[in-house]
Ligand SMILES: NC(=O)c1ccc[n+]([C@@H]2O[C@H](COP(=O)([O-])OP(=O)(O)OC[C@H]3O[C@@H](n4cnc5c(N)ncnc54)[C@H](OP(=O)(O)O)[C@@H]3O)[C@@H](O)[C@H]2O)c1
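In the block that follows, a single chain appears as structure tokens, in the form predicted alone.
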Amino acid sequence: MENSYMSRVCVTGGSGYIGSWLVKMLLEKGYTVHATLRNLGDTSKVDLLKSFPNADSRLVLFQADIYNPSEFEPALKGCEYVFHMATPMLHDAQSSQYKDTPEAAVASVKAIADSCIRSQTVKRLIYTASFMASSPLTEDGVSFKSCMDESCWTPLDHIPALQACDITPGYTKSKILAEKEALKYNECENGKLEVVTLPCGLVAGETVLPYVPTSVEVLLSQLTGNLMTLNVIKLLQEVWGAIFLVHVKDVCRAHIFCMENPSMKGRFLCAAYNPTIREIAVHFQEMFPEYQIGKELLEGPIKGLECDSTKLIKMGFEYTYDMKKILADSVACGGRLGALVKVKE
């Protein structure tokens, strides 16, 4: 993109796992970044974002709550591109105008997209979606399609197991409905806003946050033995047919790629690898023999369901982190932040 140093972009949910990396990478590339946080009084999050290179001159922070989507309007003002990463998690029906998380998520997407159009400066909205909304299960929830691709949408009503691995009740449904709502804007006759959605697989690697992100904890559960996160990764394989992996930096690079293309809209899967739990366990065992791997993890299917993420690649995107690097960076993250304990010497 020419004159990238002149571009002003907005990142909602700028203090999350992906959001914080994205803010950092955008600042390093010379963009002026408007980042939103739920609470500017949270000094740990504010100080982290302000510590990034170029933050003193190119970062502007805004307070905005996803449950009050009109608060995002000032952050969008003057921006050319908007990355919508913020998503409602802990729902409080007593103090919310929405009945549940899905309703809040859809309302926020609509409000932000409408604000983008009203701004008259925003060209493209890039929505961070989830593979939780993209299961290759058939409509009856009994078997898998031959391959995961952009046509796959999770048949929520037929997957009780999926409810069990929800981070919060309604999360999966909220990601399905919000993504579909975002994509509707590409069908508008006026064509005032291009929308890209990026459903991401299990995002792992290092972090700039002071704690281990949930998705990294899920991947590391094979080494930690944490039953809660171990059950999540098992359920993911049950719902996806594989563990679709992608490095957090590649996720951020994909977001920036979708912004820097002259014109781009639609749905693009973002995952680099499709191992099974067994394949990951074997890699962990070979790479990190100092950790104990449960024997049951070395059993099960050898090959995972295929994932056709070539739509993004055909546009010119390249993944730069291989599976061993994803695993190694995740272990480095867990070790550095005290989430891993060696059991073999």
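Remember, it's a predicted structure, so these values are computed and weren't measured experimentally. All residue numbers are counted from 1 along the displayed sequence.
As for the form predicted in complex with this ligand, it is not shown, yet the points below apply to it.
Proximity to this ligand in the predicted bound form, taken as a non-hydrogen atom within 4.5 angstroms, holds for one residue of 215, 274, 172, 237, which is 215. For the options 203, 254, 196, 178, the residue carrying a heavy atom within 4.5 angstroms of this ligand in the predicted bound form is 203. The stretch from 63 to 71, 281 to 289, 308 to 316, 26 to 34 that comes within 4.5 Å of this ligand in the predicted bound form, counting heavy atoms only, is 63 to 71. Under a 4.5 angstroms non-hydrogen atom cutoff, this ligand in the predicted bound form has residue 38 among its neighbouring residues. Not displayed here, this ligand is approached by residue 18 to within 4.5 Å at the level of heavy atoms in the predicted bound form. Using a 4.5 angstroms limit between non-hydrogen atoms, residue 88 touches this ligand in the predicted bound form.
Contact annotation: residue 128 falls within 4.5 Å of this ligand in the predicted bound form, judged by heavy atom distances.
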